[in-house]
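In the block that follows, a single chain appears as structure tokens, in the form predicted alone.
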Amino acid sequence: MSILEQTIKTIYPQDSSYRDLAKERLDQLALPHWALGDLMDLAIDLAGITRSLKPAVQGKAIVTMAGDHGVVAEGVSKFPQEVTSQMVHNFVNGGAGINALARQAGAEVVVVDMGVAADMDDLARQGKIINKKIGYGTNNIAKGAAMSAANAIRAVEAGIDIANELSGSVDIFGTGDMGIGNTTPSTAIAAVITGKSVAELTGRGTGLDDEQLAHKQQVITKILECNKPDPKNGIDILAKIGGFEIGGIAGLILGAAAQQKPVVVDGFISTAGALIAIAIEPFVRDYIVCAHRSMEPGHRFMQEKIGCRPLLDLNLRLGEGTGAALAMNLVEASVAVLTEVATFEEAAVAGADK
């Protein structure tokens, strides 16, 4: 049995008995009923995910998956492909947005080379990144499949491996990405899975103008016509129109779910990975915390398809895992509400009249 098959077999829905116990306690807290709103809803999810009324969330890791995309040859990004490898070095040196926000949240940043179109061996040998490279960037999806089905499975299993390797020290995972041009495959994935139009879903990525945006929409339409992925088959979607880092993100989510640990999903690219993971195994939906809603117009439709409300809406459009790092503060706050706020009885406070 493959790693992917083994992992899928160990993913179950949240535990309803722990959800009920959490709700029972939250209903009795010494504050107006459900006055902390979404934080209390999240606390119930965390109890159901972890099978505990004291969910462990101290060990935090943002896993930033990096990979390049052949479709940049179509002029869909304002930045050249070499920025991907340059940003990996920036992550390692601690100077990126994700480094600053992860430090603030008390989270480790784990950088994974899933398919950067440059030699990253020196960084891997030094233990500064994890080498899971499937290839030096995907094929140009405007002209054919991104990768073989076998490599799609390899990418997902690499993400599962990362989750397993980190399992001893990590209580809560966050997803992150780096890859010039990756909003294009992510938009194509969104179109296939949500059924929304390319025009509704396509955003400006790193800052395209109107003419460039129209061109990007044309390229994505061509991608869908050329590849025709099966909307019910996550591996087929990933192989035909995805990216190595998107597959890695999907695998990380599957691995976290198999460990019964929450995974905070970052922005547009990470949510494309989440959609792939759900297409592979629908129960992973129960383990996903949507960090924020990004500036990409398609992100809302993707989150609606998953069935999750984002914790934040801050007009973010960076990726890297930055939104996930920010949201981890709210995850910790949610656990504090569940475990530290006294009930009316514990606080000797009179409850509301019935």
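In this text, all values refer to a predicted model and were calculated from it rather than measured experimentally. Note that residue numbering follows the sequence shown and begins at 1.
Heads up, the form predicted together with another copy of the chain isn't pictured, but that's what we're talking about next.
Does another copy of the chain get within 4.5 angstroms of any non-hydrogen atom of D313 in the predicted complex?
-> Because a heavy atom of D313 falls inside 4.5 Å of another copy of the chain in the predicted complex, the answer is yes.
Touches another copy of the chain in the predicted complex: R309 (any heavy atom, 4.5 Å) = It does: once another copy of the chain is placed as it appears in the predicted complex, R309 has a heavy atom within 4.5 Å of it.
State yes or no: in the predicted complex, is some non-hydrogen atom of K305 no more than 4.5 angstroms from a non-hydrogen atom of another copy of the chain?
-> No, K305 sits far enough from another copy of the chain in the predicted complex that none of its heavy atoms falls within 4.5 Å.
Mark R51 yes when one of its heavy atoms lies within 4.5 Å of a heavy atom of another copy of the chain in the predicted complex, and no otherwise.
-> Close contact is absent here: in the predicted complex, R51 is far from another copy of the chain, nothing within 4.5 Å, heavy atoms only.
In the predicted complex, which of the listed residues (P282, P231, G144, G94) lies with a heavy atom within 4.5 Å of another copy of the chain?
-> Flagged contact: G94.
Residue stretch of 282-290, 296-304, 63-71, 24-32 approaching another copy of the chain in the predicted complex, non-hydrogen atom distance within 4.5 Å | It is 24-32 that comes within 4.5 Å of the partner.
Contacts with another copy of the chain in the predicted complex - residues in 230-257 whose heavy atoms fall within 4.5 Å | Residues within 4.5 Å: none.
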